[in-house]
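Take a look at this single chain, the form predicted on its own, given in structure tokens.
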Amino acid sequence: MGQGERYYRTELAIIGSGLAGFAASVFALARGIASAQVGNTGAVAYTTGYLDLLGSCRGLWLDDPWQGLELLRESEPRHPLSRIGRTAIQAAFDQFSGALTEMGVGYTAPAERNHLALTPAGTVKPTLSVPQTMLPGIEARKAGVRTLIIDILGLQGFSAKEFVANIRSSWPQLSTAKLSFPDMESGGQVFPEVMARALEVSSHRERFAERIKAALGDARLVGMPAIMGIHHPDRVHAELQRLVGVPLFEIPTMPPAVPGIRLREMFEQGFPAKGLTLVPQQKVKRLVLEAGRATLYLQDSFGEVMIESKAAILASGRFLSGGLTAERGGVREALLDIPVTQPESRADWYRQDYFDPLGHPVNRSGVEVDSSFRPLGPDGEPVNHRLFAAGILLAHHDWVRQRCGAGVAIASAHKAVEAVADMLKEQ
């Protein structure tokens, strides 16, 4: 700190509060790099909580994402994941999932195979690492265990009947029940986040567990919307299981969903205690890159905030997070106007068929980077040797269709932080 409370000096500034930004903070803290992170709420609250590495390649679902990466390198050598070795990707996932578990939200360790994770609609999707609260449901579907799926009176965004109707062909031993949540029995709309916070109180857990037990019948397992607490969900999960007497598991609801809110609040509360300077809910207005520093300018309700750093990682996301903007003349990078790889004209953004298996070209728009993940300018050279980029801002991937959003975010953040560490060491 210097020049008063509105001025911060650090080694690394991370711009963005999505998964890539938080992953970069995890990796920077692990390396002992003094860091500051800035960003709006980001898209974390809109995630299911699943960490996809690579779920689809060449239009095929992948059981083995690591083998899929080899196929990806052959067919899409410019894809961000194709430019990072398997060992580095595996290390990044191991470190990130381990950090989540250590900070209070348990995750499965990345393995050799993708899980077929459950979605709110009763379909499945391939993903590499999942919250521990959701793992029993994945295993139960595979084994065909007789299971009760419950939903909550007044809850929108999840229907037990819809879930069962869509998944019954692969999991026939299912039944449903609709329960009222304690103190929310009026039939009016109820919200997952409110119920999740209520279940952190023991009296609410006890009352809700009694209602689950009354509907249990001969089911050996119970699946429910993801509402098992915001903080320390594994503890809430274990206590509910003890009270009900059978294993329980969570199913994501439509976003914004509790699993994403858990991650956001865990990061925002846990990072400052680990030494990170966190400036949440703020957008960087200006970034000035000079010979010896990168300076971020922000504006909050108290006035201007400045952060001076030796390096910066741009992890501002794409359209939803505001890292890219779609304008009449094309797609622009919002902060520095870095060149964006994109279709030649707006007429080429979308294919004729909305469900075209090839996807839409605009969804591969993004920033080009060099081997150290430095963004490239119009001349093909790095914009600045102090500036790095990570996450879905990068070009040449369709993260929704390829089921690789977390993979790109985590692996590229790891690579960018590694490059920052090398730069700082040289200096």
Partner chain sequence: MVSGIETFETEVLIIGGGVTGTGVMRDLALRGIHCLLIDRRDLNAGASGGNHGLLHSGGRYAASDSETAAECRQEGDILRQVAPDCIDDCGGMFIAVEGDDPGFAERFPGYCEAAGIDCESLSPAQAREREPALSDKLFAAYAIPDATVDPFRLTLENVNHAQQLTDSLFLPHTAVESFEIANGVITGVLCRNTKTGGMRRILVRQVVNAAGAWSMDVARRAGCSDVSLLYSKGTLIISNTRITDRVINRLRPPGDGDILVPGGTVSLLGTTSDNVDDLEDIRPTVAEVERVLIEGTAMLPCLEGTRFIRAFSGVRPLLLPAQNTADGRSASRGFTLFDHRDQGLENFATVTGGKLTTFRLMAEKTGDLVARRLGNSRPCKTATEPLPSGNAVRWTEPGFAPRFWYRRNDPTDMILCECEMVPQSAIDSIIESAPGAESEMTLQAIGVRSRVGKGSCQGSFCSIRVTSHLYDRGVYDSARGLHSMRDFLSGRFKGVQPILWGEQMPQIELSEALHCSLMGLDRLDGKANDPEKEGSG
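Positions refer to the first chain, counted from 1. Predicted, not measured: the structure shown is a model, and the values here were computed from it.
Although not depicted, the form predicted together with the partner chain is the subject of the following passage.
**Q** Taking heavy atoms only, is P252 within 4.5 angstroms of the partner chain in the predicted complex?
**A** Residue-level check for P252: yes, a contact with the partner chain.
**Q** Contact between P120 and the partner chain in the predicted complex at 4.5 Å, heavy atoms?
**A** Although the partner chain is absent here, P120 would touch it in the predicted complex, with heavy atoms inside 4.5 Å.
**Q** Consider Q342 of the chain shown here, and say whether it contacts the partner chain in the predicted complex, taking contact as heavy atoms within 4.5 Å.
**A** No, Q342 stays farther than 4.5 Å from the partner chain in the predicted complex.
**Q** Can you check whether V383 is within 4.5 Å of the partner chain in the predicted complex, heavy atom basis?
**A** So V383 does not count as contacting the partner chain.
**Q** At 4.5 Å between heavy atoms, only one of the stretches 84-92, 318-326, 99-107, 241-249 reaches the partner chain in the predicted complex; which one is it?
**A** Of the stretches listed, the one contacting the partner is 318-326.
**Q** Which residue, G188, G144, G275, P77, has a heavy atom that falls within 4.5 Å of the partner chain in the predicted complex?
**A** Among G188, G144, G275, P77, a heavy atom within 4.5 Å of the partner chain in the predicted complex occurs only for G188.
**Q** Between the options A215, L336, A165, M306, which residue brings a heavy atom to within 4.5 Å of the partner chain in the predicted complex?
**A** In short, A165.
**Q** Only counting heavy atoms and a 4.5 Å limit, does any residue of 140-158 reach the partner chain in the predicted complex, and if so which ones?
**A** Heavy-atom contacts within 4.5 Å come from R141, K142, D151, G154, Q156, G157, F158.
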